[in-house]
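Have a look below at one chain only, the form predicted on its own, in structure tokens format.
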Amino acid sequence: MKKKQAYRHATGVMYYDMETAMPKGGAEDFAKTMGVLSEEIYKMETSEELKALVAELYEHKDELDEITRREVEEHQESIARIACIPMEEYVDYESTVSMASSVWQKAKQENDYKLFEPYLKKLIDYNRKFALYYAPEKDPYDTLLDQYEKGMNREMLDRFFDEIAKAFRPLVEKTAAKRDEIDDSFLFKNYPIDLQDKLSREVMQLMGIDGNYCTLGEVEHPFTDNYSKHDVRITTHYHEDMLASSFYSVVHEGGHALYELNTGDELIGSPLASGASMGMHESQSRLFENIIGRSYAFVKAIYPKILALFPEQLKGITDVDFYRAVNKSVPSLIRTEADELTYCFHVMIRYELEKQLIGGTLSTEELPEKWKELYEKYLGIRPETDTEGCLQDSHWAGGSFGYFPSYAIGSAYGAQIMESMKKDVDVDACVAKGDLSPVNAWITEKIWKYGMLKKPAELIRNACGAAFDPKYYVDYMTKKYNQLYKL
């Protein structure tokens, strides 16, 4: 296990380097190296010795302590998923992913979807094939969804998105009619990147992120990577004319980082030393980005630092003005820049497209036009380019099909978790004082420290005393936007 963990650590650091520092010309060599290393990982993962040891322990799992039992269960599933894939296909897939990420960046920058399309098609074909290898009796997309959120399937998500859409569509229409009542023009002045970077460090400090164990890098599409609770790396992308973009990107990725940084020490070195699921992980990033980060209390705490960095750009702008501006709802094209209210529709669009791509009813050649049609249908706007359309996200270039719904599920988890936390912690008072330690301590005790020891449904019950219920998300959003726009 230590050897396998070391290989995973090495390939993870190499991927981070590829995204943040590698010269563009190094992509092919990087892909070859990743192919060699992934072959070694495959051999370790599928070795007869490991399979025999895990199988033996699995037969006696009821006799094991809780941590070892969950570790064995995770190993059993991991081995089963990889062992059903022929090694040459696994290695080719890993090499393709490595190359696809680099090609996607170039395609996005040059608005050249045709450059990326062959890689996307290959990754979709592989994901569908691998899902059928693992569970031939199941719908391939359900198998992919289950990888990111245990027990999740299309039937459940169809119901979830239907409920959310019915609740949020009237709010979107009402706020659209009053969008001119909130001025956010000052967020789009010139904000020097070096000063934005200083603000990022202030944000990380306010959130309680220890710089000794977490770094910040710059990339095309922000992400968080972790190799242990002592080495977590978040990233952002700066825009000189968009202050809120990187600001909230750092808060979002910071939420991911806090989850990893507060994993229980007893889980270090095991496969359990990470977030329980992508939905649970996104619950933390979305909770910090929106429920805390876009609250008036948070704005009040951080605004003096923002004003000190940008006195000319924000001359005459109060913290209340800033709070209203960063919560303004306007349908937009870019998911990562979307306001909290319209965000779920961006996720819903990707969910609809993934279902069709994996199901084989939509080809990669048809994707750009279908993307534009759905944006027009759900948000009333139409991308003019593929850069602001189907090339905007990095997820598919990384082979992550079934990931996107986690953002919406995570948002709903976060609202329910916050409702429960407020029974024990005066969240607004703590945040307004710039002291998030009571918040972090509560979530550590209920969620973070468990890593993957408990499954998502168990964590929700542990934190909230009840099963997951999307109504908390609907109630939170309805109340917030009714108050913000005086509806």
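Note that this is a predicted model, so its numbers are computed, not measured. One rule holds for the numbers: they count along the sequence shown, beginning at 1.
Here the subject shifts to the form predicted in complex with a further copy of the same chain, a form of this protein not shown in this document.
*Of these, 319 to 327, 282 to 290, 226 to 234, 409 to 417, which stretch puts a heavy atom within 4.5 angstroms of a further copy of the same chain in the model of the complex?*
Partner-contacting stretch among the options: 226 to 234.
*Between the options Leu57, Leu37, Leu50, Ala432, which residue brings a heavy atom to within 4.5 Å of a further copy of the same chain in the model of the complex?*
Contact residue from the list: Leu37.
*Contact of Ala466 with a further copy of the same chain in the model of the complex (heavy atom, 4.5 Å)*: Close contact is absent here: in the model of the complex, Ala466 is far from a further copy of the same chain, nothing within 4.5 Å, heavy atoms only.
*Does a further copy of the same chain get within 4.5 angstroms of any non-hydrogen atom of Lys3 in the model of the complex?*
Answer yes; at least one heavy atom of Lys3 falls within 4.5 Å of a further copy of the same chain in the model of the complex.
*Does the 4.5 Å heavy atom contact test between Gly26 and a further copy of the same chain in the model of the complex come out positive?*
Contact with a further copy of the same chain, yes.
*For Thr68, is any heavy atom within 4.5 Å of a further copy of the same chain in the model of the complex, or not?*
Although a further copy of the same chain is absent here, Thr68 would stay clear of it in the model of the complex, with no heavy atoms inside 4.5 Å.
_Using a 4.5 Å heavy atom cutoff, which residues in 1 to 15 contact a further copy of the same chain in the model of the complex? It's fine if the answer is none._
Lys2, Lys3, Ala6, Tyr7, His9, Ala10, Val13, Met14, in sequence order.
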